[in-house]
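Next up: just one chain, as structure tokens, the form predicted alone.
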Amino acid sequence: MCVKFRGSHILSVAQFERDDIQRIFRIADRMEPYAQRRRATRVLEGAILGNMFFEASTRTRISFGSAFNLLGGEVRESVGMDSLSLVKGESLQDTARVLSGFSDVICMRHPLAGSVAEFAAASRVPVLNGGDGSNEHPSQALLDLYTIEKEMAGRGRGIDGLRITMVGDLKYGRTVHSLSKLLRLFERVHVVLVSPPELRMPPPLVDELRASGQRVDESENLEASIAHVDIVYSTRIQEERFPDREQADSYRGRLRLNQAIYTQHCEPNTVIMHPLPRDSRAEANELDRDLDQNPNLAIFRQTDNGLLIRMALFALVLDVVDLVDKYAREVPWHTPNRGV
């Protein structure tokens, strides 16, 4: 039992200490047989997840739902503002009071920063933040850091001493905002922030990183900034956050990474990450498809790790960590090789 997590909202990475992160990661490790369908558990049988997504999502929405299903629970989804009485003027607080009566836990994504916390304040059940505007995306940051830990472990390294370059829209990219906050908990991290001047990481986040003792450099030069790092973390232009499409288009395609650039400038084992979706349109193409055969491209390992992290969060919040195996059984169906 972990009292700190039991019944708690997961709204921001700021609520975690380093020991909390390690606990989440070790529970995520234990979820692997279930995520890979080698075993099945019914520990959350009868429990209901309310998956409330008021903004477009593929990976987050489906992986939260799949994680809950894999623990034996059921999922009820609502996608888009038009599907709820919010369009009739109902407040987030009233919506929270109603929906929390129908659910045992709620995952929510909303386009406005701070909206998920507002919803959670009126909810009668735990709420997990699936992304609130350009503010935070805590479960994405956890799965990113978990991926970094696993990738570095394969090289005999840990997160302490990490060298990471974050590339792209750092102003509106909530994934890099949350990840930068988590990195403050580690030691001797060197962060290089690469973006156009107008899309730089918000200064308070940069100041917080530096205040925690991390080295932070800012640059507009991709090639020079990826030369001596362990991780290149690329992001797309967050066009939905811009006042107009033309403004977003003016930045698209400026910071592209392909195999030729990787070979010329990166160390041989540099890991490539991206929270996805990557923008594969010709005018953007921030991660070229010619990188798909590069064994250091970890973007699909990231998505697999997201399932493990979200299963771990559900198990912690609903206090069933020590019961998962008790309600387990072998699966009767064929399970294909799910390795990447």
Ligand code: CP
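Position 1 is the first residue in the sequence shown; the rest follow in order. The model shown is predicted, which means the values in this text are computed figures rather than measured ones.
Keep in mind that the form predicted in complex with the ligand is missing from the display, and what follows is about it.
Contact check for 12, 115 and 133: none of the three has a heavy atom within 4.5 Å of the ligand in the predicted complex.
Only one segment in the set 39-47, 275-283, 290-298, 66-74 has any non-hydrogen atom within 4.5 angstroms of the ligand in the predicted complex, and it is 275-283. A residue is said to contact a partner when one of its heavy atoms sits within 4.5 Å of a partner heavy atom; residue 60 meets this definition for the ligand in the predicted complex. Although the partner is absent from this view, residue 109 contacts the ligand in the predicted complex, with a non-hydrogen atom inside 4.5 angstroms. The ligand in the predicted complex is approached by residue 140, whose closest heavy atom lies within 4.5 angstroms of it.
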